[in-house]
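Take a look at this one chain, the form predicted on its own, written out in C-alpha cells.
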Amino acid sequence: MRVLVTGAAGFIGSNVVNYLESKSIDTVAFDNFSHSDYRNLLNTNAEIICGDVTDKDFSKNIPKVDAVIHEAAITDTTLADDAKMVRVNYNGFRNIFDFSVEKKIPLVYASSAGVYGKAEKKMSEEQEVTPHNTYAYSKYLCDCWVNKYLQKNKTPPIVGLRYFNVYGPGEAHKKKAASMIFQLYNQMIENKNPRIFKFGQQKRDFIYVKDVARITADAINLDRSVISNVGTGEPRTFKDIISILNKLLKTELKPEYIDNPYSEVYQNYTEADSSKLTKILKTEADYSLEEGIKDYLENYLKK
C-alpha cells in the first residue's frame, strides 16, 4: 500500500507519516512548507513532494497511491485573513476530495472539534454545530460537503476526524497556536510562573498526538464512511497541566492569571463523545494526560 499524506511536514501530518513508516507502509509526503517545519521530516524515508493543495493541478506530480490522509490546513484560529483561511482549508480540501473520488480511493481528512463552538457538555457528532471562528467554519464546510456527497454515494470510504485538543512532538513551529502543554512547559522550564486565562478552570479534551496519528492512519482501512470525534472523553483543566508539569519538573510554580483576549471566539470547554470512535473505528486513546505529558517531556521536550 502507498499512502499520500498532505500537510506532511506539519504537526499531525508528520506524526502520521512516522506512524505509517513504523508499519512499513510506503508514504508520499506532500506539503508546501508554508505553515510547517521541514525538520519534522528530517528522518523520513517518504517521497517528498513540494506542492499546494489549493492548486487545481496539484496531483500532476503525485504517483499512484492507494489512500489519502489530508492534514494540510491553516490551524491558527487567530488568523485575521478569513479569505485565506477558507481558501486553503476548504478549497484545498475540495481538490483533495475530488482527487480521491476520481481515483476511487479512501480519504481520511482532518476536521475539528472547533465546529461545535461553545458548549458546556459532551460534544456529539449528531448535535447542532455552531463554529465561532473562521477556522472552525472552514472545517464545518468540509464536513457539510462530505455529508452532502454521502447522501447519494457510498464509495469511496470517506472518514472525517474531528480532532479535539492535540498536543505532542512536532508542534513547535506553531508558536502561539501550539498546545497549552507546550506553552506552559516553555514558561515553567525557565522557572517562570505559568500564565493562564482567568481562572484556570477551562476544561479541554487533550489528546496525545501519538494516539491521533495511530487512529488517523488506521482509519484508511475502514470500509465505510463516517465523521467521528477523536478525543479521550475526559476533559481536564489548565490547572491540571500545571500540576502535572510541576511534578515532572520537580517545581512548585504557581499560575499567574491573565485576561483572555479571545473570549468571544474561545472554547472554554471541550469533551468528546467517543461512541463512534469506539463502535465504528473500534479504537480509543491509549494515553492519559499524565502519560502523554510524561512521554512528551522526557522523550522530546527535554531533548
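Counting begins at 1, following the sequence as shown. As the structure is a prediction and not an experimental result, all values here were calculated from the model.
Missing here is the form predicted in complex with a small molecule; even so, the following discussion is about that form.
Partner-contacting position among V159, A217, I196, V166 - heavy atom within 4.5 Å of the small molecule in the model of the complex: The option sitting close enough to the partner is V166.
Exactly one of I105, V129, L141, V88 has a non-hydrogen atom within 4.5 Å of the small molecule in the model of the complex; which residue is it? Result of the distance check: V88.
Within a 4.5 Å heavy atom cut-off, is D31 in contact with the small molecule in the model of the complex? Yes - in the model of the complex, heavy atoms of D31 and the small molecule come within 4.5 Å of each other.
Please run the contact check for H173 against the small molecule in the model of the complex: heavy atoms, 4.5 angstroms, yes or no? Because a heavy atom of H173 falls inside 4.5 Å of the small molecule in the model of the complex, the answer is yes.
Flag L277 as yes or no: does it have a non-hydrogen atom within 4.5 angstroms of any non-hydrogen atom of the small molecule in the model of the complex? Flag for L277 set to no.
Closest heavy atom of S111 to the small molecule in the model of the complex, within 4.5 Å or not? Residue-level check for S111: yes, a contact with the small molecule.
Going by heavy atoms within 4.5 Å, which of 59-67, 46-54, 258-266, 239-247 lines up against the small molecule in the model of the complex? In the other structure, the partner sits against 46-54.
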